[in-house]
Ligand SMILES: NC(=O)c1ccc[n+]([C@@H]2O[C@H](COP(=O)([O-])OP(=O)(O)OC[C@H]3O[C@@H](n4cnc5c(N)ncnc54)[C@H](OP(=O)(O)O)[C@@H]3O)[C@@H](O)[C@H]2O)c1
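Before any questions on how it binds or moves, here is one chain, the form predicted on its own, in C-alpha cells.
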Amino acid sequence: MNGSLLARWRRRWWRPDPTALSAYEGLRPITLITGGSEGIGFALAQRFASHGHELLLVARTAEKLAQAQRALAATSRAQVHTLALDITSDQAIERIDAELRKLGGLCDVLVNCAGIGLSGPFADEPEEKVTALVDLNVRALTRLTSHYLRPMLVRGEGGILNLASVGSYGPGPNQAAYYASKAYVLSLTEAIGYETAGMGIRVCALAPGPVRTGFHARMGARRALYRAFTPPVSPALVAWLGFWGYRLGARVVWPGLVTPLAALSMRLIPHRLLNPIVSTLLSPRR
C-alpha cells in the first residue's frame, strides 16, 4: 500500500495518453549506463544488477566491457548487454536505439557516468582536449538526457542519474573546464528534476568528491595538493549511496562525510576567496 501511495504521489501530475503509450507495449525496461565498464559506472552497474535491473553497458573499449560483463555475471543473475561505442559520435543515439530494439527493450533508467577530466592551467590545455571534454561531459550527456527523457514522460515512469561532482559547486582554477562541465551537469539535472516533479520520473545528480579510481591519474591530477589530505572513498560506497538516494527520490546525493561540507562551503564562500583556495588545492605538490 505504501509503495502504491508513493507511486501515485510521484505521478500526481502525469496523465496517460493511450495512443502514445501503445508504442511501448511489450518492451522490457533496460537500465542504460554510459561509462559502465569501470570506476563509478561499473560500481553503479553492480548495484543496479543486484536489484534485478537488466543492463546495457556502453563504453568505448570492447575488452573492458567484456570484463565488466563477466564480473557482473559472476555476482548477479541480471541480464547484462554491452555496446562498444563512442557516445560523442553523431550516430551514437541511433546505434543505442538500434541495440535496444534488437533486445526488445526500452531505456527505463539512464545513468550518465561517462566523463573525462583535465588538470592544469586552461591556457595550457590543447584545444582538441578541451573540445573532447565538452563533447563528452556536456554535449553527449545532454543529447542522451533529452532523447530518453521524452519517452519517460510519455510512460510516466523511468529515471535519470547523472554523475556530477563536488566540483560542481564552484570554479576550479587548474581544472577549469572539468569543474565548469560538472557545474553544467548539476544545474541541468536539478532543473529537469524540478520541471518533471510529479510526472513519475526520478531525476538525481550524484556529486562525489575524490574516489578511488584511475580517473585522477588519467586527468593528470594524481599529485594535486588536495589528494594529500582528502581521503578518497570507494566506488562501491559512492554507488550504494547514489543508488539509494536515486531510489528514494533525492535530487542530489553527496557521498561521504566530507563531501556535503565541501559542497556547502563552496556555495557559501565568495568566489573572490574561494578561487585562491581551490587553485592551491588543485595545484600539483612540489
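Each residue number is its position in the shown sequence, starting from 1. If you're wondering where the values come from, they're calculated on a predicted model, not measured in any experiment.
There is another form of this protein, the form predicted in complex with the named molecule, and it is not shown here; the text below is about that form.
One stretch from 162-170, 193-201, 145-153, 121-129 that, in the predicted complex, holds residues within 4.5 Å of the named molecule by heavy atom: This holds for exactly one stretch, 162-170.
Non-hydrogen atom within 4.5 angstroms of the named molecule in the predicted complex for each of Gly41, Leu85 and Arg218: Yes.
Arg60: touches the named molecule in the predicted complex, heavy atom cutoff 4.5 angstroms: Heavy-atom contact with the named molecule at 4.5 Å: present for Arg60.
is_contact(Pro210, the named molecule) in the predicted complex, heavy atom dist at most 4.5 Å: The answer is yes: Pro210 has a heavy atom within 4.5 Å of the named molecule.
The named molecule contact in the predicted complex: Arg251, any heavy atom under 4.5 Å: Because no heavy atom of Arg251 falls inside 4.5 Å of the named molecule in the predicted complex, the answer is no.
Exercise: Gln46 in contact with the named molecule in the predicted complex, heavy atom 4.5 Å: Looking in the predicted complex, residue contacts with the named molecule do not include Gln46, since no heavy atom lies within 4.5 Å.
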